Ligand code: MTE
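Coming up is one lone chain in structure tokens, specifically the form predicted alone.
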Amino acid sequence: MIIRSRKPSDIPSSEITPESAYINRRKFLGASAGIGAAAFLGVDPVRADTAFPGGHSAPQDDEPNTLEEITSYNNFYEFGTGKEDPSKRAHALVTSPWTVKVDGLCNNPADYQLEDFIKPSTIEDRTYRLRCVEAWSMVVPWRGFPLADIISRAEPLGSATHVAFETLWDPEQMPERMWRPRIDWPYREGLRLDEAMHPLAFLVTGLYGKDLPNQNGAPLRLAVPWKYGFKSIKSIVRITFTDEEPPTTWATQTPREYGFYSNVNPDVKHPRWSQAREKRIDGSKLFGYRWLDTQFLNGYADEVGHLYEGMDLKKYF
């Protein structure tokens, strides 16, 4: 299970920013912690897990992807349908100034400039697994703050049950045409309110200690690591509190393939492929990836499983 969280006070961003330093430092710390724990517990250090702040752990070989991999292989259909299209075209996106509207069933609706939206929160660095519904995966060192911060500030009414999110849609900046009119832009996503309040739900402003690149959803995106990647909506311009399940882009467009919840579940087959295994993008391997077994709720079941007690997760895909 991966959640590695550090606040800036724990480690300077200058030490996190360089990709090589980030990976090398964590390998060293992981090896040291693993060997020490193994000696104490009497287990094989090669197979021991590495402990991280907050009582979470992650396999030692589950290291972050490189910056190049993260920024050159991703989906952002407003800029094209190919994995490389966002990195080629997203430079056209103007991310400053940026306004985020918070509205709906809450006591404190407002239109925020991005700086004012972020300022009250403590920025943290967190490393999460990212599992795409297309069966590829990465490990990403995000920078940002808990979504719960914004929800608390907005003070949802007692009648609010869900949170809806909306991406910027500007055809002048976003050159994708192939999906129109079949997709009803702007891109929309949503969470149940208790999901959104969970400590793992994270509003992202950066990557590898730097500002978030355009192709990865600048200047503000969501990271919900126990759900398939399309739930982690990019370039957010609106957050709305509602008393019903909001319509979301993929669940509306192709409901047979994409449900509202879209929790990672190896036992629920996609109509066109199995979800039991995943291709971890890994440029060090011959084919650029390696096969792994997919973990239930992407390895975060201990943290979020209680949110779905009593639900048939094969039904609520």
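These numbers were taken from a predicted model, which means no experiment stands behind them. Position 1 is the first residue in the sequence shown; the rest follow in order.
Another form exists, predicted in complex with the ligand; not displayed. Remarks below refer to it.
Asks: Just one of 110-118, 95-103, 76-84, 148-156 has residues with a heavy atom within 4.5 Å of the ligand in the model of the complex, so point it out.
Replies: Heavy atoms within 4.5 Å of the ligand in the model of the complex occur in 76-84.
Asks: Could you tell me if residue 226 has a non-hydrogen atom within 4.5 Å of the ligand in the model of the complex?
Replies: Contact check for residue 226: no, nothing within 4.5 Å of the ligand in the model of the complex.
Asks: My question is simply whether residue 215 lines the interface with the ligand in the model of the complex - judged by any non-hydrogen atom within 4.5 Å.
Replies: Residue-level check for residue 215: yes, a contact with the ligand.
Asks: Taking any heavy atom pair closer than or equal to 4.5 Å as contact, tell me whether residue 191 reaches the ligand in the model of the complex.
Replies: Residue 191: no, not in contact with the ligand in the model of the complex.
Asks: Could you tell me if residue 187 has a non-hydrogen atom within 4.5 Å of the ligand in the model of the complex?
Replies: Yes, residue 187 lies within 4.5 Å of the ligand in the model of the complex.
Asks: Out of 132, 160, 200, 139, which one falls within 4.5 Å of the ligand in the model of the complex, going by heavy atoms?
Replies: Answer to the contact question: 132.
Asks: Since exactly one of 90, 233, 196, 164 fits, which has a heavy atom within 4.5 Å of the ligand in the model of the complex?
Replies: Contact with the ligand in the model of the complex is made by 233 alone.
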